[in-house]
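A lone chain, given as structure tokens: the form predicted on its own.
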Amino acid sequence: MAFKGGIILSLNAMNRILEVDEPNLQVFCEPGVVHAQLNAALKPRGILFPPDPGSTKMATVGGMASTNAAGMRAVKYGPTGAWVLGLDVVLPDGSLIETGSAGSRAKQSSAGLELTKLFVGAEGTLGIITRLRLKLMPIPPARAIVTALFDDLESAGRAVQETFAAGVSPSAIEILDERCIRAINRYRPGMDLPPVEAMLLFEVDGNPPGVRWDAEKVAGVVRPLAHKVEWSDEPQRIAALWEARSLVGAAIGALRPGSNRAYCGEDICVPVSRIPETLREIQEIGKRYRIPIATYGHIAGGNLHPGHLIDASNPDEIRRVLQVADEIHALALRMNGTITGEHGVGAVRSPYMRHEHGLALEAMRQIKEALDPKGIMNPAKLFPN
């Protein structure tokens, strides 16, 4: 959105996969390539681009880089930035630079400042990404999923901590709260998920013997805390459960017919040790302002996505949901977390940046002014105005 007017530039039509460098496990592509389409093209070669946002069918790799999107498998494989080796960027003065060493196909470099990481997560405030050089990896040969049902949110949070304490590194741990479960069952009745306060999906991947050991270990660790635990390495069962997770963003609207989901205060990230109290406090905030909240997210990294349901034609509900978002952002900072785990700051979260970063925000502003002295790149974003 152009808050100060001007030109909105869409890069969706720049959607070509330019080259797959299979021996060096790299791909060169344009920013409009959709994540799911990229991995579909790579799959026949037995390789993939591991970052995996829940919006895989619509998220572009340029957008993922611009917000440093994390996603479901970030706990094991890291956010998008960990897989970006280089970028072509048009700077505000019109010059074109290549980061990550010009012409390089090396997987690492210590030559100079890490400019690639500077543009990753900058949300278009420093320049326009026109090409990406991405690192790839072989597709893990085996995968299993552990499903755990919990009667209370706190036990679900503790189960995540206990899993890591047991020495297991899942590729993903996702949470669906009671409202999300109800929403999925209404949206897709065939899923028939049980009515509990929280459901965790643990994914483990790797070689077949290791996957089986990890799945059994996770099941054993969380069983004393859970209402029910089961695991499967059957591809159809795994696909069905991940489908349930992928549906939730669209499904929660079914909880309140005619409602809209308010995308504010929807992307906090807190330390794993603070997850149980954060989950409970989010529900308390919703009760206090009479706004139903369905929470899901990448709980392994502490990244939570509360979904607020409002009647967008009701000014009082809009006022109350903005108060909900404000309290959720304050909650994240109070829990020693961050206001955004992967969606980015934009304009909505910019008022919280000084609280989160302190004097470091001024260093960011100086970099912005050095590269974009006229302030033409995404003005009114990131920095408090």
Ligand SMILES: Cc1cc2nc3c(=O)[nH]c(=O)nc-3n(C[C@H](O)[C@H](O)[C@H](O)COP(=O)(O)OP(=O)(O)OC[C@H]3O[C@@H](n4cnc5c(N)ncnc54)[C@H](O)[C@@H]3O)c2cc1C
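Keep in mind the model is a prediction, meaning the values are calculated, not measured. Residue numbers here begin at 1 and follow the sequence given.
FYI, the form predicted together with the named molecule isn't displayed, but the following is about it.
You can rule out all but one of 55 to 63, 41 to 49, 353 to 361, 315 to 323: in the model of the complex, only 55 to 63 has residues with a heavy atom within 4.5 Å of the named molecule. Here is the short version: of Ile129, Ala156, Ala251, Ile181, the single residue with a heavy atom within 4.5 Å of the named molecule in the model of the complex is Ile129. At a distance threshold of 4.5 angstroms between non-hydrogen atoms, His298 is in contact with the named molecule in the model of the complex. In the model of the complex, the named molecule stays beyond 4.5 Å of every heavy atom belonging to Pro92. The named molecule in the model of the complex comes within 4.5 Å of no heavy atom belonging to Val27. Although the partner is absent from this view, Gly124 contacts the named molecule in the model of the complex, with a non-hydrogen atom inside 4.5 angstroms.
In the model of the complex, just one residue of 31 to 48 lies within 4.5 Å of the named molecule by at least one heavy atom: Pro31.
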